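First comes one chain, alone, set out as structure tokens in the form predicted on its own.
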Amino acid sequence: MPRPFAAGDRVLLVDSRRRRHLVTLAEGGTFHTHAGVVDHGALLGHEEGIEVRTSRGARLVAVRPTLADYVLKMPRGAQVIYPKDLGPILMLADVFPGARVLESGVGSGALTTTLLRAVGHDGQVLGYEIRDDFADRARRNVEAFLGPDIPLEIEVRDTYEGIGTTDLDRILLDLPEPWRVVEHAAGALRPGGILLAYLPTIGQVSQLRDALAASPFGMAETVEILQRSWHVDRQSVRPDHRMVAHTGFLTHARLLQPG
């Protein structure tokens, strides 16, 4: 069904050098760039994919932002988990429609938004965050992309002190000391449930794996995702000189029956 741009819509403007600008459309609004000015009226009422020109003649293509686009451009309080890790997290944690998921360390809401799209309206995402300002920022970022009608509850509390619910399908941790949550997670997950932690250093991974090995969790694995893009221009085809290498390690394990 056609969805022309309307006031209040978020639009991604991409220039000839693939620089991206996230803009919220408004009646009478303008977007200013070094390459000139674009009136929002040139976009309102048009379908995405339209090409517009700035006051200086520069070309911009207008599309709706994908979730990956939004994650990279959203307002930040804490560092976000990047798109190259968000997709694998959904697969490694096997997040499914209708799942009940606890996310601890919601930060700016990048993973929260990704989880909500995966669990759907029949699922639930419960977020724990120790900082009020991060919790508020995360909710604003999530609602700006998904709208207010979402199955999300964010509590300001410390996961290290315990998890206040049970029968969870998945627990995802973006915390500096996730090994302190392993015992709590074992009591909060359903049998066969999955715990996944995102960690920047291998020393943290080692401590977490030791804690998992001494717990009812099993089938533990740790992976690192590397992303390399390619330069493709007619007959000139080669790997790009730069790549998105290390961002974090993903460690996941399943809750098994004791013994």
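Quick note: we count residues from 1 along the sequence shown, nothing fancier. The model shown is predicted, which means the values in this text are computed figures rather than measured ones.
Omitted from view is the form predicted in complex with a small molecule, to which the following refers.
Student: By the heavy atom within 4.5 Å rule, which residue out of Asp94, Glu143, Asp158, Glu183 makes contact with the small molecule in the predicted complex?
Tutor: The option sitting close enough to the partner is Asp158.
Student: Is there a heavy atom of Trp179 no more than 4.5 Å from a heavy atom of the small molecule in the predicted complex?
Tutor: Trp179 lies outside the contact set for the small molecule.
Student: Indicate whether Gln79 is a 4.5 Å heavy atom neighbour of the small molecule in the predicted complex.
Tutor: Yes, Gln79 lies within 4.5 Å of the small molecule in the predicted complex.
Student: Considering only heavy atoms, tell me if Leu175 and the small molecule come within 4.5 Å of each other in the predicted complex.
Tutor: Leu175: contacts the small molecule in the predicted complex.
Student: Answer yes if any heavy atom of Ser108 is within 4.5 Å of a heavy atom of the small molecule in the predicted complex; otherwise answer no.
Tutor: Heavy-atom contact with the small molecule at 4.5 Å: present for Ser108.
Student: Quick check for you: of 184-192, 118-126, 80-88, 146-154, which stretch puts a non-hydrogen atom within 4.5 Å of the small molecule in the predicted complex?
Tutor: That would be 80-88.
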